[in-house]
Each structure stands twice: as structure tokens, then as C-alpha cells.
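Only one chain is included here, represented as C-alpha cells and corresponding to the form predicted on its own.
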């Protein structure tokens, strides 16, 4: 079983495969609980994981061997703890032990972005790369750092690309100012457009459609997002020297509307740094779930 807890939606799947390649046999999607007028969000997430395990057990022909669960925020994979989540509001919560206790199964617990990065490395757009950043752009922006062929977690704190200060000065919910994700996350793009025009939009996809249609306000907001992303990537290029940056998440669905201007902006900013190739993620929004399954297989095999 694999469960990918997102900021708004949780994906679950019954998955079969090997450490090199996995495939979802059956999938379920649920809204991520917000902990309003009930258990805390963390406790509600545990309830949800138990529910989907129970729902999918009867469909598993040979039973379920393990559960891989991945969540956003700061994650201590070694101890199985969700250290901190700004968007979902938990602190030092023992996810792995509680899920194992309630399901009776081996549980692998990890970070959603690093798990997605693992999947892209083994079976997606980052295969064959020794140094790369896999960067999904969604509710927030974080990166899975691949250093010398291995995913680097930094004790749970590495990869917070969205909270690099790129100098625009706008406040972020994390308490800093100037963060990449204030301008370049899907939510940030929608919010900036609404602030500029007074018109509410459902997300960055709507803004992208308006850019394609020639809307001047949408173009300004989009350019701000490209600038913030490019400046964040230049920091990564200077510090880590990745061969490629693999762009995922909902924003990557805009394709050349994202990649072409982002590449042009990078060309204007890069001086001595290795200019990373820009690639689009291959696994879409299944990457985190597939990565959670790989973590579970690794746990079973003692990797």
C-alpha cells in the first residue's frame, strides 16, 4: 500500500513491483482532512490511512506486505516523525508508529517530495542522473536533492527551495519575506492575480490559460513567478551544481509556457555556474505515491 498525503488531496494505491519499478494496481483519492471540529489533522490523517488500508485489503490477492506513507513539511524519516507542517499544522507527530500499531503492518514513512524524487530517479525523468533536483510546484515548492546518486534529506530539513529568499520582499506564511513560493507556487500565482485584478481564480492553471489568451495582468503575474523560480534555481546551481532540474506538480502541466521563459531567464542570470538542464517530470501526480511504494519495498528488503 502507498499513501501520499497532499496539502489538499490524499492519494492511496495498492501497488506491486520491485525496487526498480512499481505500478499501481488500484487507486483511491480522498480529500486531506483539515482537523476542523474533530481530531487534529495528524490524527485524522492516521485515521484516513487506516481506512484506505482496510478498504483495499480485500482487493489484494496476496495480501498487503507493507505500507508506505509520505507527508509534506519537515519529516524525520529515521524516527518516523512528522516534525512540522505549515500547511497542515502538526508538530513532532509519530506517524509511523501509530500507523504500524493500528494496521499491524510494516510501515515506511517519508517526505512526499523526496519520495517523488526517488520515483523519478528510479523510473522517471531523472534516471541516470548523479546530481539533480526534482522540484514539484504545487501548494508549496520543495525539492528532492539528488547528490552523487543518493537522495539527501539533511535530517528532514533539506530541499526547502520554496523558502529561499529571492528578494521580492513579500511576506510568507513561514515568517520570512521574499520566498520563492510566495510568487511561484500554484497558490501564490492565483493569489497574486487576485490581488492585482480583484478577480478570483481557482489556481495557476487558470492564470496560465489567460496568459495564453493574451491577458496582460496574467502575463505580469506569470513573469513574476518565472523570475522567482529562476532566481531560486540559480541558488541551487551555485550551491549544488545539479545536472538537471526536473519540474513537476501542477504548474509543470503548462509545458513550454513554463520551461521556455524559465530557460531564457536562467540564461540571463547564470554566469559561472553549471546551467542545469530543465526537464519535465515523467510520473505526474503519481510520483509521490509510487515513491511511497518504493520506500515500503526498500523497508521490506532492508535497503
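Positions refer to the first chain, counted from 1. We call the rigid core the largest set of C-alpha positions that still match within 1.5 Å between the two forms. Since this is a predicted model, take the numbers as computed values, not measurements.
In what follows, reference is made to the form predicted in complex with another copy of the chain, a form of this protein that is not presented.
Enquirer: Considering another copy of the chain in the predicted bound form, which of 195, 216, 92, 148 comes within 4.5 Å of it through any heavy atom?
Expert: Checking each option against another copy of the chain in the predicted bound form, the one that comes within 4.5 Å is 148.
Enquirer: Considering 274, 30, 34, 57, which brings a non-hydrogen atom within 4.5 Å of another copy of the chain in the predicted bound form?
Expert: Looking at 274, 30, 34, 57 one by one, just 274 meets the 4.5 Å heavy-atom criterion.
Enquirer: Using the partner position in the predicted bound form, report whether residue 158 sits within 4.5 Å of another copy of the chain, counting heavy atoms only.
Expert: Looking in the predicted bound form, residue contacts with another copy of the chain include residue 158, since a heavy atom lies within 4.5 Å.
Enquirer: With the partner left out here, check for me: in the predicted bound form, does some heavy atom of residue 87 sit within 4.5 Å of another copy of the chain?
Expert: Residue-level check for residue 87: no, no contact with another copy of the chain.
Enquirer: With the cut-off set at 4.5 Å between non-hydrogen atoms, does residue 174 touch another copy of the chain in the predicted bound form?
Expert: Yes, residue 174 lies within 4.5 Å of another copy of the chain in the predicted bound form.
Enquirer: Report whether the minimum heavy atom distance between residue 239 and another copy of the chain in the predicted bound form is within 4.5 Å.
Expert: Yes, contact at 4.5 Å.
Enquirer: Taking the partner as it appears in the predicted bound form, which of 120-128, 175-183, 196-204, 220-228 has residues with heavy atoms within 4.5 Å of another copy of the chain?
Expert: Checking each option against the 4.5 Å cut-off leaves 175-183.
Enquirer: Can you name the residues of 53-80 that have a non-hydrogen atom within 4.5 angstroms of another copy of the chain in the predicted bound form?
Expert: Result: 78 alone.
Enquirer: Classify residue 177 as shifted (yes) or not shifted (no) between this form and the one not shown, where shifted means its C-alpha moves by 2 Å or more with the rigid core superposed.
Expert: It does not reach a 2 Å shift.
Enquirer: Spell out whether the Cα of residue 86 moves at least 2 Å between this form and the one not shown when the two forms are superposed on their rigid core.
Expert: Indeed, residue 86 is displaced by 2 Å or more.
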